[in-house]
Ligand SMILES: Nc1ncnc2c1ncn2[C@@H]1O[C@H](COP(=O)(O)OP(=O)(O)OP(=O)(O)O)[C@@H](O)[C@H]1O
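The chain below stands alone and is given as structure tokens, in the form predicted alone.
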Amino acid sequence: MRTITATRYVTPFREGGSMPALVEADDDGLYVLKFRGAGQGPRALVAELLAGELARALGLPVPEVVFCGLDPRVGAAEPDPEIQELLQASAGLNVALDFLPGALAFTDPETVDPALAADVVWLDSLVMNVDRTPRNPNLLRWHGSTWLIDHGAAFYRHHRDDSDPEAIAAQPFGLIADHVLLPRAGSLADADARLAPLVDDALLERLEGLIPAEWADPEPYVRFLRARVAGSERFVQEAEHARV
């Protein structure tokens, strides 16, 4: 993964509780910066990082995820004291996503190919992503394609306790019934056959190496994913049952 440095604070995005921001970086690109000092803490960045890189490895359309160094002085002109506090709490390394200029809000599941919809449902079942609902789909339309964004709510049970990853992996994920693309999805069994073999030891080892030790212990996440993908037929059946 690349590491960039924020050089200019452009504007906050106030729609979400974590208040991400649009920043310019030292490569002249624009990025959506997710702050380590936000209320969800660094584990939300771990979820963003892992789910985003998993999606990329599975061939799903996600903006590039990068590490982003932050000097709080880049936002010195921002008058909001809450933002200043967030910048100060997030000095150092954070996570950012490539900005998709001109992207439109996602409004119509019928625009998504059923095979792609099934792949997205499969991914979100794998990582227990609770935040891809009709109310908040976390999808964008850009250049005629559907793009996946905002995975900070994935691995949500790890935000509270990751002491027994295999037990967490075996738990049902009933919230998949609320997935915005579930009614549109094609065969989830076919998606499982396509994607499960890609989540192999080499990929898991690469993901483990990405997580900064000061953010979280990477081992429980890798153990969770290994157990979860080994039992993928179970969560596929859960999702299929949810749409009957």
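Note that residue numbering follows the sequence shown and begins at 1. Values in this document were obtained by computation on a predicted structure and should not be read as measured data.
If you look for the form predicted in complex with the ligand, you will not find it shown, but the lines that follow are about it.
- Think of it this way: in the model of the complex, the ligand has a heavy atom of just one of V74, I149, I168, V130 within 4.5 Å, and the residue is I149.
- Note on the partner interface in the model of the complex: the residue among L203, A189, V32, I211 having a heavy atom within 4.5 angstroms of the ligand is V32.
- Interface residue remark: A118 is not counted as part of the site for the ligand in the model of the complex, having no heavy atom within 4.5 Å.
- When contacts are judged by a 4.5 Å heavy atom cut-off, Y156 does not count as touching the ligand in the model of the complex.
- Though the partner is left out of this view, L100 does reach within 4.5 Å of the ligand in the model of the complex, counting heavy atoms only.
- Contact check for A227: no non-hydrogen atom falls within 4.5 Å of the ligand in the model of the complex.
- With the partner left out here, the ligand still marks one of 121-129, 169-177, 90-98, 76-84 in the model of the complex; by a 4.5 Å heavy atom cut-off that stretch is 90-98.
- In the model of the complex, the residues of 114-138 lying within 4.5 Å of the ligand by at least one heavy atom are, in order, D131, N136, N138.
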